[in-house]
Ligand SMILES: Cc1cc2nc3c(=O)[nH]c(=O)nc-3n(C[C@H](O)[C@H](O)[C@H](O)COP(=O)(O)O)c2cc1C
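A single chain, nothing else alongside it, follows as structure tokens in the form predicted on its own.
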């Protein structure tokens, strides 16, 4: 195969590429890995939504995003802490499925540090009086006019911290799929006690 990427036949290089793509997704809003699908569920209901990748840690094998603690996914994760991320990069032709155990951080050092870094505009998401998904009688953003039009100070936005949480996912497995015209490649990585097991799969 001509012009095959360096990771094409190397599990080690694939694993390095995974963290490279996650880092790019974290740092650049225009990258596909910036907004993965996050899926969680219990015995009766499974649900998926787009989230914004807010942090990665390759040493601790974890990734995280922010959420309103009143949202439905928090209730689901309290009953089943397992979560799955689905990433796809059209240009790279790479799909990732990352599975792991989640931790809901609320009003601790992790959320304090993350909240401080949360931009003025992004804090708007946590300033609604009603919980996300609440039923209403007419279309609405759920925000007051001042909040909806960003007419609030950083100091005024601090009230949103009471609704803010950080969902960490401690990675247990990663499934990689690379789509190539002359031969796909699929690999599977399991992580336990920071030890990574790597193997090939049939695409």
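Residue numbers count along the first chain shown, from 1. As the structure is a computational prediction, the values presented were derived from the model and not from experiment.
Only in words, not in the display: the form predicted in complex with this ligand, which the text now covers.
Engineer: Quick check: do 123, 151 and 157 each get a heavy atom within 4.5 Å of this ligand in the predicted complex?
Structural biologist: No.
Engineer: Of these, 33, 65, 164, 178, which has a heavy atom no more than 4.5 Å from this ligand in the predicted complex?
Structural biologist: Result of the distance check: 65.
Engineer: Which residue, 95, 81, 72, 113, is the contact with this ligand in the predicted complex, using a 4.5 Å heavy atom cutoff?
Structural biologist: When this ligand is considered in the predicted complex, the option within 4.5 Å is 72.
Engineer: Can you work out whether residue 136 and this ligand are in contact in the predicted complex, taking contact to mean some heavy atom pair no more than 4.5 Å apart?
Structural biologist: Contact with this ligand, no.
Engineer: Applying a 4.5 Å heavy atom distance criterion, does residue 51 contact this ligand in the predicted complex?
Structural biologist: Heavy-atom contact with this ligand at 4.5 Å: present for residue 51.
Engineer: Looking at 43-51, 170-178, 140-148, 22-30, which one sits within 4.5 Å of this ligand in the predicted complex if you count heavy atoms only?
Structural biologist: This holds for exactly one stretch, 43-51.
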